[in-house]
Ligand code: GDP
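Consider the single chain below, provided in structure tokens and representing the form predicted alone.
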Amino acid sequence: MSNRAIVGINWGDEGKGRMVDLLTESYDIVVRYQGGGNAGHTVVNEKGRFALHLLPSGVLREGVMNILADGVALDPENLCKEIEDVRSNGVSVTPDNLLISSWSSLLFPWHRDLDELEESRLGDSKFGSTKQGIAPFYADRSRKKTILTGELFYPEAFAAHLQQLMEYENLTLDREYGALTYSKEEVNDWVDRYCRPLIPFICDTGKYLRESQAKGKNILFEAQLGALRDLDRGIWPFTTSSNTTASYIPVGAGMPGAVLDDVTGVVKAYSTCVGEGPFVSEWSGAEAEQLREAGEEYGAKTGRARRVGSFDCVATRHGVMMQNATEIAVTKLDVLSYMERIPVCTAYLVDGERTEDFPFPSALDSAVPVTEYMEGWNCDISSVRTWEDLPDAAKRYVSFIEEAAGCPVTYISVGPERESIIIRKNRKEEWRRAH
């Protein structure tokens, strides 16, 4: 039996989906335990190229059970559309490979409306939301203004609860924003169209997971976004509205006794960020555009251009600590092959003082990157499959990341495909002996 988490170390968009797709070969179950459809996991394999938003990335591998657990913002409309999309590309999605927690809550259309209305009201102070309703959803969940997915099994109670919530949400839409409200007919039609088709997938997934654990099944937990977007310890207030760290797994998965054997933290060989908020190592101008084009850095959910910058040692070390990572997967190393010299952010200057510790969020706006340069390898490495075959300059760059993060690099991605990977099987043990 093995429990492993795949988590983001930085701002999200690190390539967690490609790592889940790779590692599911050794796992029986993949669990999404937090977040919603506001971010995408891009996966490329023999079935094609997929941008998954709510579906766990394990859905693309046959024989794997996929679970949307208690902590997920369950958006029925987007989930139904996503299921149809992957089915149209030859991927089977049935209750035999997807289960939905009866203890998760439903995200309604008004959550998306409220998200967009609030971003519009904030103007230049907006959070950079994807407008998928995530913040209003989690706010409503905290104040007990959501409907549990399992209530669909109790039609009369569900209808009464829905009417009560609709009246409350309509008051908010009308009196706070002067926006259009919802009729009973509209909402009932939406429920019939998007919620009821999901009933065959709904069960007590916490019980399923506990029973599977007792049977010795291997479980992979897939996180959304990264440590710097964590609700409690991220770059407040430019965070998501759920906990993105591995420590939330026992709660979000409905497995109070879950113990992780490994936490694989995913980090790009450079930095990217979607949305607003401080990003100390950010580039601009032609330099940024060249990196963005080389890495195809556009959001899987929104299509908007990602902000890009140099590898950030300060942010990465903080993310490794917050995730309690036991190993690192470095993605997109091949993207840097065009650079003769590779900039890295080794420290910050905050009010003129150098620091290698991640500052309190209020201090980030005034932080200035301390930049150093490493030798580039200036050749195509996309066909390399072993550590020994990497150019020496690329090895030095990866070793630099290890030392800066304080964590062994066990996976190196040199392309989006499953097979475009270098696996260092003994690296964790070598690291322990050396440190």
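Everything numeric here is computed off the predicted structure, so don't read it as measured data. Throughout, we count residues from 1 along the sequence that is shown.
Although not depicted, the form predicted together with guanosine-5'-diphosphate (GDP) is the subject of the following passage.
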| item | value |
| --- | --- |
| In the predicted complex, the residue from T264, T331, S271, T240 that sits within 4.5 Å of guanosine-5'-diphosphate (GDP) by heavy atoms | T331 |
| 4.5 angstroms heavy atom contact with guanosine-5'-diphosphate (GDP) in the predicted complex for R49 | yes |
| guanosine-5'-diphosphate (GDP) contact at T42 in the predicted complex, heavy atom, 4.5 Å | yes |
| Proximity of D21 to guanosine-5'-diphosphate (GDP) in the predicted complex, heavy atoms at 4.5 Å | no |
| Non-hydrogen atom contact R306 with guanosine-5'-diphosphate (GDP) in the predicted complex at 4.5 angstroms | yes |
| Listed range touching guanosine-5'-diphosphate (GDP), judged in the predicted complex by heavy atoms within 4.5 Å, from 79-87, 359-367, 334-342, 101-109 | 334-342 |
| Heavy atom contacts to guanosine-5'-diphosphate (GDP) in the predicted complex at 4.5 Å, residues of 409-424 in sequence order | S413, V414, G415, P416 |
